[in-house]
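One chain comes next, on its own, written as structure tokens: the form predicted on its own.
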């Protein structure tokens, strides 16, 4: 490998020659991103199904992944953090986020190509907006199209069912290959959602509940909160593209966080509708951890570039939250200690700048 930017070298698989060496000996080589469970699972299945030659799985990983000051930093190999930084590290681990492009914002006549753009753009999920022309005025596609697209990627399919009577159809979306299925509270009651919940859990599919901008979380849903995998908080009126983020959603999120915390919610809040580079950081501070991007991501020519920009903006908001925690726990002394832990790349200077803006230094 050449160069000093470890993260960039990790991203550029062409610089990794290990696979070529094993191929030269006739092995079945499977190269994956080792931080994605779906890739690990698919690689193991592929290796088990390959007969006649030995297989090797090469997983590209970053030492200390998900804790910024430990990432690619060899001094943390086998070393425990100081007790005063553990609460900040725990918060950082609890503040991971994912980007989920919505492919209906692309070319609806060539959705296969939009899937490929998500893959090359390094999306985390692929968001599939299913509209039936009844619950919302527009119509997109159904489970048959999702089944067609499923073979194109192992990225998780995040199926958002904007349809009437989802209890009658949810099994079809399970069989089509959805990894997460979200239905709307407006077309469910405790009984029908309970049936959906149990079916999804039985099939090891993530369970999601969505609420429209003018809908509060119904009381009947509280009993399901501890086992929900996802809550979609719509920040535009569903069924229409190109809308601006409804600003009142920020206040709504504050109310929701109280309810979710009281009922031991451990899933992701997904921000869906009008999410842009300008407001993604604010949505993260509100509590969102999954970000759906339609025209803001798929509508852009350089999907990979815009997804990277989203991550940069959200990462800045996460760093602010961690600095807030450090200041709360130990004032400027702990803030300075936290900043000084970040010695790889340009992280320290970026974090120091945020701390100075917040008056923590």
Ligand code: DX5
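Numbering follows the first chain given and starts at 1. On a predicted model such as this, the values are computed, not experimentally measured, just so you know.
The following text describes the form predicted together with the named molecule, which does not appear among the structures shown.
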With the partner left out here, check for me: in the predicted complex, does some heavy atom of residue 102 sit within 4.5 Å of the named molecule? yes
Interface membership of residue 153, the named molecule in the predicted complex, 4.5 Å heavy atom rule: no
Is residue 166 close enough to the named molecule in the predicted complex to count, meaning some heavy atom within 4.5 Å? no
May I ask you to state whether residue 332 is within 4.5 Å of the named molecule in the predicted complex, using heavy atom distances? no
Can we say 88, 287 and 319 each have a non-hydrogen atom within 4.5 Å of the named molecule in the predicted complex? no
Tell me, out of 61, 295, 308, 50, which residue has a non-hydrogen atom within 4.5 angstroms of the named molecule in the predicted complex. 295
From the list 177, 213, 239, 121, which entry has a heavy atom within 4.5 Å of the named molecule in the predicted complex? 239
When the named molecule is placed as it is in the predicted complex, which of 80-88, 268-276, 168-176, 196-204 ends up with heavy atoms within 4.5 Å of it? 268-276
Do any residues of 141-172 have a non-hydrogen atom within 4.5 angstroms of the named molecule in the predicted complex? If so, which ones, in sequence order? 160, 162
